[in-house]
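Okay, here we've got a single chain as structure tokens, the form predicted on its own, with questions on binding and movement later.
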Amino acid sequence: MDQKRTNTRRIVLITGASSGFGKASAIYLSQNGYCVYGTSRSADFDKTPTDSYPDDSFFRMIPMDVRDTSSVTKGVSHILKNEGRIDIVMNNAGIATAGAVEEVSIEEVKNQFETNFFGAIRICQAVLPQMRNQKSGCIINISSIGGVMGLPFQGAYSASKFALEGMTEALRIEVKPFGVHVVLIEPGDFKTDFTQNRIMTKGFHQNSVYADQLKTALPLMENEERNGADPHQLALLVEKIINHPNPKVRYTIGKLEQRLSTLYKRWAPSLMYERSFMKYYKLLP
């Protein structure tokens, strides 16, 4: 049977769909017969699918700020009113704050969590009543290898992704009896807007005691990001997950050495792993 015909009425919600993983997944799924709603803070309810992007992607963009519960509720209600259901959710909206833990403000950490962690919870809470009632659904939370490995000078970002990992593990168990799958994707470095959108903490300054270390490590990280994999690979994985009858808890995706590094952390003695990590980013004294 034709794939597009079988997937015509599968309704997908993707947060943060104006660029990166979200846009790549929205384009791919919409071109393969899924009915896709993407979100961004600057979108407009009145735009048609072809107004959203001029590249024949045919997915709808609606306004939503995942930091605002009322905005999330309004966006989800709009989809349910139009389609009657939501089958798949990809919690992709995210930001990254860079800087030493000592120098990042509590407000900056809260802002990091509002998008990456609390935003995902708001979406889950908004869609789960309907998914439970229909006894089916799939929620994919976009984490990071930074959610299993604390990244130096990205401590707030890693903390938000570690939190997302723990929440997802718990949620997965809670909703599995209702036929809802919850899955983590842990990407390594990909060619997205992540690098240019990174927010430097306001507490960082040229005379910081961490300045030399940060100026050494961050360019290495940014180079890996700029030369990372194509986001289309993640879109393919998303479709694989949503069509799997019993998906795994987590899927790591990216360059082989980055995927292996998560296994190395799991099995290597902690001090050996830490030394290797510091050596890689040229942070050894």
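The numbering used is simple: start at 1 and walk along the sequence shown. Owing to the predicted nature of the structure, the values given are computational and were not obtained by experimental measurement.
Separately, the form predicted together with a small molecule exists; it is not shown, and the next lines address it.
The small molecule in the predicted bound form comes within 4.5 Å of no heavy atom belonging to residue 99. The shortest heavy atom separation between residue 154 and the small molecule in the predicted bound form exceeds 4.5 Å.
Contact between residue 36 and the small molecule in the predicted bound form is not found at the 4.5 Å heavy atom cutoff.
Residue contact check for residue 262: none of its heavy atoms lie within 4.5 Å of the small molecule in the predicted bound form. The chain is drawn here without the small molecule; in the predicted bound form, the stretch among 187-195, 202-210, 169-177, 100-108 whose residues come within 4.5 Å of it by any heavy atom is 187-195.
Among 138, 93, 86, 126, the residue placing a heavy atom within 4.5 Å of the small molecule in the predicted bound form is 93.
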